[in-house]
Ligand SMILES: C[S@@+](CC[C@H](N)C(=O)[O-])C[C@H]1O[C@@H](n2cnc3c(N)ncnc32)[C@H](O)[C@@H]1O
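One chain follows as structure tokens, the form predicted on its own.
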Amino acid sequence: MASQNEIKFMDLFCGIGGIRLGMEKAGFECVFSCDINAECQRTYKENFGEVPQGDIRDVSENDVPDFDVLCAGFPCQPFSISGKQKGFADDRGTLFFEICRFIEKKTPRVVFLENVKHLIHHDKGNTLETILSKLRVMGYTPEWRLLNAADYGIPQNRERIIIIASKEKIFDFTEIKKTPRRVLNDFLDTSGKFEYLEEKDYTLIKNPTMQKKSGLCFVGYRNKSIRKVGVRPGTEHLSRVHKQPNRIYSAMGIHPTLPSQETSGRFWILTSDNRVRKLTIDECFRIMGFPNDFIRPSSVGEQYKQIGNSVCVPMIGAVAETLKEQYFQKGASYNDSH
């Protein structure tokens, strides 16, 4: 059985390295990374000292070193409610099968996949079942859960599906250690050059209530012209047609999911001094669990896109710690002769 400092993983569709940060914190060693986006490659190099390989379709499974865990936050656009939802009909959807090439060739002990919540419902569940069935055909037993970043010390209602597959035993998600929920106000800068809204540009609602399950507290909206056709009277500012960036949430609750589509950082919050301002890019990285010294060489607009596409680092770290305990530490029931 591999010792802790010998547990190796590959980082496919690595983005700016959120999964890597979580895995390394748990003691894993990265031996290969891959991402097609040039700006993500640039950021990854600044922080990890290596340039990820480009298009996964150009990488031969024979040219990568051996590894114990395959990690892949594979492209979520084909499955996201923000995209066109074409799934495997979308060319990016087929990239899951590129992952399978490496699994079949390298037979890692564990496969660790991450994707958007909507993957569960896409094509009436057929897309997820296709993924799980393919893993089973390759000899793995997959298990999945929907995890929320808010349960791992991050003030963001960010739900993601995590799939863990192994040839030896089913991953027990109940052993992942959660942490007490925290509010957004704990993560905000107390000084800096903030972009405030003037009072005439927004409306606060009377008697806002905290949503018990999500932790969100919707307190108001920007006074912008919005589409009202087909929307029930009195619900205009709660409708999906009124895009999330125009809503205002209390900093005494948690923040909604940071989306990848926003490149101008239009995330408005009501602070403890009863003023409305934009969430800064520093704060966005902070509420994804990235360290304060994380190097960000790209433009601010590109950074908003990168962080919206990334993962919650503490949540990944919690999964990685449990994965290590169940499959690689003393007492784990893994057969080295597989």
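Since this is a predicted model, take the numbers as computed values, not measurements. Residue numbers run from 1 along the displayed sequence.
The next section is about a form of this same protein that is not shown, the form predicted together with the ligand.
Q) Tell me, which of Pro142, Pro75, Pro256, Gly220 has a heavy atom within 4.5 angstroms of the ligand in the model of the complex? A) The option sitting close enough to the partner is Pro75.
Q: Just give me the single entry in Asn47, Asn309, Gln303, Thr280 that has a non-hydrogen atom within 4.5 angstroms of the ligand in the model of the complex.
A: Checked against the cut-off, the match is Asn309.
(Q) Residue-level contact is defined here as any heavy atom of the residue lying within 4.5 Å of the ligand in the model of the complex; does Asn37 satisfy this criterion? (A) Judged by the heavy-atom cut-off of 4.5 Å, Asn37 is in contact with the ligand in the model of the complex.
Q. Would Phe9 count as a contact of the ligand in the model of the complex, using a 4.5 angstroms cut-off between non-hydrogen atoms?
A. So Phe9 does not count as contacting the ligand.
Q) Taking 4.5 angstroms as the cut-off for heavy atoms, does Ile269 touch the ligand in the model of the complex? A) Ile269: no, not in contact with the ligand in the model of the complex.
Q: Flag Ile56 as yes or no: does it have a non-hydrogen atom within 4.5 angstroms of any non-hydrogen atom of the ligand in the model of the complex?
A: Close contact exists here: in the model of the complex, Ile56 approaches the ligand to within 4.5 Å, heavy atoms only.
(Q) Looking at heavy atoms inside 4.5 Å, which stretch does the ligand contact in the model of the complex, given the options 66-74, 295-303, 24-32, 272-280? (A) Among the listed stretches, the partner-contacting one is 66-74.
Q: Give, in sequence order, every residue of 12-39 that has a heavy atom within 4.5 Å of the ligand in the model of the complex, or say none if there are no such residues.
A: The stretch touches the partner through Phe13, Cys14, Gly15, Ile16, Gly17, Gly18, Ile19, Cys34, Asp35, Ile36, Asn37.
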